[in-house]
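Here we start with a single chain on its own, the form predicted on its own, put down as structure tokens.
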């Protein structure tokens, strides 16, 4: 577990270099891009010259607000940013998103940023909703997009990137000791609901 001094240093003192590598000609997808860190990532990648930045958002209207905000800030070409709807809680929504991805000429980067912190118990994919969306939904999307990344690598002789945004909070997660054969099934029981722990464990 990080100490208080580690926390203060990483949050307030540590200076992380700002990426400067060109994204010229690249196509980038960012999920959960309508606000917060996702919006900042999208803004910076547009600033670095990406040809296409796709904001994967559960709410298309909020995604369009973000698109307009970035365009207003950077005065960039409105053709660069697109808003595509995707809900990681729905296999149908994920599949529709993947079908759109497969029609792209290329895909260089997928940044998995979408996630939730559910307060009330709900079962999705046979487990608790936060764990389901942050883990299962994210991987369902990623695994189906890997072939497009590989195709881009072969066609354009580049190294594509697939990344997951995480948090140091994983370090305080408490894993259940007696969860049986299937931890997802264990979290599917409402009696095991612990909102904060399920967020940090995911």
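Residue numbers count along the first chain shown, from 1. Treat the numbers as computed from the prediction; the structure is a model and nothing was measured.
One more form of this protein, predicted together with a small molecule, exists but is not displayed; see below.
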TODO: Go through 46 to 54, 172 to 180, 149 to 157, 30 to 38 and give me the stretch that gets within 4.5 Å of the small molecule in the model of the complex, heavy atoms only.
DONE: 30 to 38
- [ ] Consider residue 118 of the chain shown here, and say whether it contacts the small molecule in the model of the complex, taking contact as heavy atoms within 4.5 Å.
- [x] no
TODO: Considering only heavy atoms, tell me if residue 68 and the small molecule come within 4.5 Å of each other in the model of the complex.
DONE: no
- [ ] Using the partner position in the model of the complex, report whether residue 101 sits within 4.5 Å of the small molecule, counting heavy atoms only.
- [x] no
Open item on the list: Is residue 114 near the small molecule? Define near as a heavy atom within 4.5 Å, in the model of the complex.
Closed with: yes
Open item on the list: If the cut-off is 4.5 angstroms on heavy atoms, which of these, 86, 81, 131, 110, is the one near the small molecule in the model of the complex?
Closed with: 86
Task: Whether 58, 167 and 199 all lie within 4.5 angstroms of the small molecule in the model of the complex by heavy atom - done: yes
